[in-house]
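Just one chain is shown here, as structure tokens, and it is the form predicted alone.
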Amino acid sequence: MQTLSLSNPSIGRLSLFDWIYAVLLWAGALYAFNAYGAYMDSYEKTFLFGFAAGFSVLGWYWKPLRTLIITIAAVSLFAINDYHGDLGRAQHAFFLKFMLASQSAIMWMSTLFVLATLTYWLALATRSTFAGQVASGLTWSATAMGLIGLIVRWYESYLISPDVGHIPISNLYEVFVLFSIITALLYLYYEQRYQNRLLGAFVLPIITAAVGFLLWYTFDRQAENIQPLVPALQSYWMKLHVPANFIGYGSFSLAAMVAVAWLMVNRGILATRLPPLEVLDDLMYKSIAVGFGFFTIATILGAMWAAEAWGGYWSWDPKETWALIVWLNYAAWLHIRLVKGLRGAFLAWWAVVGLFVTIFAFLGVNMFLSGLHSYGTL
């Protein structure tokens, strides 16, 4: 079932505002290219114009995304211009210091995600439509601030030195921000598709847990400091492999939290407030299917990156081995559901357990095992 926020993006159905949105997106991309193209490598230029093309179409299909993209573009350009080429302004320029420098924006993201989680719980407890709307708005705002933080951080890395500059997806600090944003966007899409905000009380806690780790990592390890890339990460493969990987991680996490809701509804808990079992089952399946697709792409890209960096496609490094375990886990889940037609509590529990397997592959390997990926350790 779809809401008015989801539409057919065929050319004949596009409105004047759809075209204005696309023109603004391309104008912003051209402005950024003219202003900062000298600092960009070929990947970043391709990313910039690919972003304009891809998000033009996505904005036509999912209308709220248009507001998000325009807001992020406008605020990010304002923040970047406010630096005037001087990184030190982050410490004394008002808007940068308190809102729009990368660390400030990411702290706002963290605060807003925590507030959104609490508000979703309030909405679930009181069945308040207004509280649900506020929670959704807080989640959108947190996502916007996180994306602004990453974009500004990207620019800040070049202000340190053109040799240091890189896309901010290279360490645990940056990818935890990325994970929070991707998981929130996936949830917000399904929230509108299935017309139910109360699932946020189940999904947002996994984002809040990521935020908790991010805050610990920031204050205990000073992880917010921008560091030059180690040689193994100085590759365009990283810029493709990591985003695909974290769409997979975000989707698997969303599926697990929906599975928790399924198990509760199946026992008659909150059954009148949450979507019916069939809807939860459909959402769980689609999340795992999307995650599996992107995780498969990420694994293939990772193998190609390994061949370039280490001379072989596969070396049974602990990170690679656990990535294979995650892939096999969800391949088996999809096989059981699609081929065997199994539904119900068994698959729901499997999705929950799968989250712990994924967490270990994502974080536990970095903490407890060593190997070729040891540059990602805590």
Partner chain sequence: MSPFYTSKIATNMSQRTVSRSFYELLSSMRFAISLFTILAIASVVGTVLKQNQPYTDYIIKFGQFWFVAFKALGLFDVYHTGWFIVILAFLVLSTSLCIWRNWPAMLRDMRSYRESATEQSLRHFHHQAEFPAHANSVSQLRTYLTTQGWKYREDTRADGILLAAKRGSANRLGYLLTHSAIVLICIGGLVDGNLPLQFQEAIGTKKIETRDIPASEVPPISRLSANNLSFRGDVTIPEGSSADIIFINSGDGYLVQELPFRIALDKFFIEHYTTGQPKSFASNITILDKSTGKPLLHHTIKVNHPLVYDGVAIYQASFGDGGTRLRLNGWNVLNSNNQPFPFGGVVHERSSLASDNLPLTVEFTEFHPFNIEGSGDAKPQAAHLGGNAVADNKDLHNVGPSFEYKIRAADGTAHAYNNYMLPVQIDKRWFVVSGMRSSPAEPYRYVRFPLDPDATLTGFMSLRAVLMNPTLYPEIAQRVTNVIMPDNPTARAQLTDSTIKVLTLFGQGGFKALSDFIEQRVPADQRDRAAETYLKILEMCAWQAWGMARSDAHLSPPVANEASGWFLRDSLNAISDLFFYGSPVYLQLSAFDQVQSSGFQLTRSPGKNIVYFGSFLLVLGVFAMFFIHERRLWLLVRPDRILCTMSGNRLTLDFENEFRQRCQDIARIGKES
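Residue numbers count along the first chain shown, from 1. It should be emphasised that the depicted structure is a prediction, and the values quoted were computed from it without experimental measurement. C-alpha atoms forming the largest set that superposes within 1.5 Å between two forms make up the rigid core.
As for the form predicted together with the partner chain, it is not shown, yet the points below apply to it.
From the list 125-133, 160-168, 72-80, 256-264, the contact stretch for the partner chain in the predicted bound form under a 4.5 Å heavy atom rule is 160-168.
The closest heavy atom approach of P228 to the partner chain in the predicted bound form falls within 4.5 Å. Although the partner is absent here, T46 is not a contact residue: none of its heavy atoms lies within 4.5 angstroms of the partner chain in the predicted bound form. In the predicted bound form, at least one heavy atom of S104 sits within 4.5 Å of a heavy atom of the partner chain. Using a 4.5 angstroms limit between non-hydrogen atoms, E191 is distant from the partner chain in the predicted bound form. Residue-level contacts in the predicted bound form: of F294, W140, W154, F202, one residue has a heavy atom within 4.5 Å of the partner chain, and it is F294. Scanning A309, L30, L342, L58 against the partner chain in the predicted bound form with a 4.5 Å heavy atom cut-off leaves one residue, A309. Taking the partner chain as it sits in the predicted bound form, the stretch 271-286 comes within 4.5 angstroms of it through a non-hydrogen atom at E278, V279, D282, Y285, K286. Once the rigid core is used as the reference frame, the Cα position of D41 differs between the shown form and the other one by 2 Å or more.
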